[in-house]
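Heads up, the chain below is alone and in the form predicted alone; it's given as structure tokens.
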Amino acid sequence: MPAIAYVNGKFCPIEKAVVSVEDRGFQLGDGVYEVLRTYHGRLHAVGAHLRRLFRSLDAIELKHRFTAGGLERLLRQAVRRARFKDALVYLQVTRGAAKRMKEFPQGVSPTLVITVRPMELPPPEARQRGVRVITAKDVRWLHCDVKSICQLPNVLAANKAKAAGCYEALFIASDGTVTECASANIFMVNNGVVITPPKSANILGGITREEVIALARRHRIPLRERHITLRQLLAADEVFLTGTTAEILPVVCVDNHRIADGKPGPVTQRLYALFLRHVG
């Protein structure tokens, strides 16, 4: 079954999907997006993703007539049409197509794009053995809590990680604190306590991040939201990533520095088992 796309009211094979060359997403990165996935053909956490989408739309002052119910119906229709057991679902909204100018155009309708592809999971050995990450200077804009399609710093950092043979790039702020990765949130475990940076304008509040926090609290696993320095991270007992595609992924090496004994830790493994039960 081929991947499919929805563009402004029409479904088509993804290779035939097009938007205007004057679309402000293409010209200026003027838009926001969400990445969802399905488990056994069912959309996961769709309500949480749509709430974050509307917060992002409000943050960039993108006027629209979308409703959460209408978008959810479209997403479910796209998933049914694609018929993938496990799918990656991408939703993007831009300010629309208009003559190129920095200020907001008048009388323009937003561009809505949805794509559905087969889900590509990390290889089994990544979960069994853990992954390596490198650090990168955090040069992103000051509203990382908005899920903007302007992703160039993330692209450069991710490519740096790939060139180094690593799974992810971990952003380090100018004050030496850890923020997040190019495509994931970061957690560490110290003396049985799970620690993750608090939500702020410097990180995107990940949906999986929130689910892991809720699971830890529900199962009485000690958890703190506080700032983490790179030095503290390197001295942690365990480190792991969370994200829609990563789920919960152990990190065993940061910048060639081995984390603890270099193996996935028990708290990470327990949280992943709880997460699998949670998603069904």
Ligand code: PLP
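Model, not experiment: these values are computed from the prediction. Note that residue numbering begins at 1 and tracks the sequence as displayed.
The same protein has a further form, the form predicted together with the ligand, not shown here; the description that follows concerns it.
When the ligand is considered in the predicted complex, only one residue from 109, 190, 177, 154 comes within 4.5 Å through any heavy atom, namely 154. Each of 33, 140 and 185 places at least one heavy atom within 4.5 Å of the ligand in the predicted complex. By the criterion of a heavy atom within 4.5 Å, residue 44 is excluded from the residues contacting the ligand in the predicted complex.
The ligand in the predicted complex comes within 4.5 Å of no heavy atom belonging to residue 250. Interface membership of residue 127, defined by any non-hydrogen atom within 4.5 Å of the ligand in the predicted complex, is ruled out.
Residue contact with the ligand in the predicted complex: residue 207 places a heavy atom within 4.5 Å of it. The candidate stretches are 232-240, 46-54, 219-227, 250-258, and the one lying within 4.5 Å of the ligand in the predicted complex by heavy atoms is 46-54.
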